[in-house]
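Quick heads-up: it's one chain on its own, the form predicted alone, in C-alpha cells.
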C-alpha cells in the first residue's frame, strides 16, 4: 500500500492534559488502602495494590479477586443502524452475535492503525454495549464523532465513500444516560461463581447465572441491584465475571461482594495484580503487545482470528489484508527464573537466540510464583514452544553504561546473554 494513501486514512488524535478523575469506587479504595498506593492510570486515580501484588495475584489463581474496572469506557450503540455501523468499524463479524453474546474485536482507522481493542455485547436486535479501554475512550469517542460527521475517511481507495449509517451512540457511564447506566466491576477466579451465588436466595436467578458460558451474559437482579452478568475478563481465569451496574450502585455492589466473599478468600486487587495476571496468561495490553512502539498488529499479537478478512468491508480492511501477508515477527510468552538474586527483566531488554543474536525485545514482564513470565516481540522462528532463548539486560544506571552495557539493542546484534529463558505456550488458562 502506498504511504500517501495510508497517511490519508490516518486518524489523528491528541489527548489534552487534565487532572486525573476519580473512578466510581474511589472512596471505596480509600477505605482499604492509603492514598500513597493510588496512582494516575489512564486518566483515573486507581489503586496499585491493597495488601501486595503477589498476594492479590495468588488470590485470583486460588480463590477470587475483585477489580475496579469502572474507569473503562462503556458505550451504547442503538437503533436500526447499530449492527451495521459496528460491523463497519469493528474487525470481527458483529452480525454473527446472538443476543446475550459478546465478542472481542478491534477498531482501526482506514490506514490500518489500531485505535483500540474492544468487546461488543449484543443486548438486543438493535442494542449493543461496547467496552473500550479507559485510556483510549476519548480517542474512540472522537473517532466515532468524526465518522458520523464525515470528517474521517472510510476507505482510502475510495475517499469519497460516505457513511450512510447513523446509530444513537451514548456514554453509559454518564448520569444523563439514566437507570440503565453501566460501569464495570470484575470478579475473577475459581471461587467467583460461588461468591455471586451467595448474593441471592432466588433459585431461578442462581440457575440463570450458572448457565452463563464464556463470552455470554445475562441480566438479573442480585441483592436488589440490576446487573449485566458477563463471563468475560482479562486475567486468564477459567471462571471469571464482569458485572455491569449503574454507577450509583457500584459502591454498594463492591461492598456486598467483599463482605460475602470473605469466607471464599476474595481479595480486592489493584493494577499490579491486574497486570501480572494478564501477562502470566499471555493476554496483550494496548500500547505494549498491541500497537505501541512496534506497531504490533492483531496477527502478530496472536489474535488474527478477530480480524474477519472475509467480510465484504470494514474500515482498514485493505491495510489488514497486507499486514496478514507480510509479518515476520510475533508476540511470544517466555519463562525466566525469578530465583533469589535474579534481576527482574524489563521492557525493551533484548531477546537472544541460541547463537546470541538479538531476535526481539521484551514487551512486558511480571513475577508469577518461582518464575518471571514475559511477553516478547520476536522473530517467528523463536516462538516455538520449549525453544531456548537468552535475555540481555539493558543498562539500568550510569555505572552499567560505563562498564559497557548497552542502553538499546538493534535486531541481529550479537550479544552475550545475561540469563537463560525458554518459550512457553502462547496462552494459558487457570
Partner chain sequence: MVVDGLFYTKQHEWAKIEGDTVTVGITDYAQQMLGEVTFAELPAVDKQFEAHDELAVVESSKSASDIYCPVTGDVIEVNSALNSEPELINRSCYEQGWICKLKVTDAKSIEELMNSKQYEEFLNEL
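Values in this document were obtained by computation on a predicted structure and should not be read as measured data. Numbering follows the first chain given and starts at 1.
The next section is about a form of this same protein that is not shown, the form predicted in complex with the partner chain.
Problem set entry | Location of the partner chain contact in the predicted complex, chosen stretch of 24 to 32, 375 to 383, 399 to 407, 62 to 70 [non-hydrogen atom, 4.5 Å] | Within 4.5 Å of the partner lies stretch 399 to 407.
Exercise. Ok, 213, 125, 262, 346: which has a heavy atom sitting within 4.5 Å of the partner chain in the predicted complex?
Worked result: Of the candidates 213, 125, 262, 346, 346 is the one lying within 4.5 Å of the partner chain in the predicted complex.
Exercise. Taking heavy atoms only, is residue 54 within 4.5 angstroms of the partner chain in the predicted complex?
Worked result: Answer yes; at least one heavy atom of residue 54 falls within 4.5 Å of the partner chain in the predicted complex.
Problem set entry | 4.5 Å heavy atom contact, residue 44 and the partner chain in the predicted complex | Close contact is absent here: in the predicted complex, residue 44 is far from the partner chain, nothing within 4.5 Å, heavy atoms only.
Exercise. Does the partner chain come within 4.5 Å of any heavy atom of residue 145 in the predicted complex?
Worked result: Result no; residue 145 lies far from the partner chain in the predicted complex.
Exercise. Using 4.5 Å between non-hydrogen atoms, is residue 49 touching the partner chain in the predicted complex?
Worked result: Yes.
Problem set entry | Residues from 10 to 42 in contact with the partner chain (non-hydrogen atom within 4.5 Å) in the predicted complex | Residues within 4.5 Å: 36, 37.
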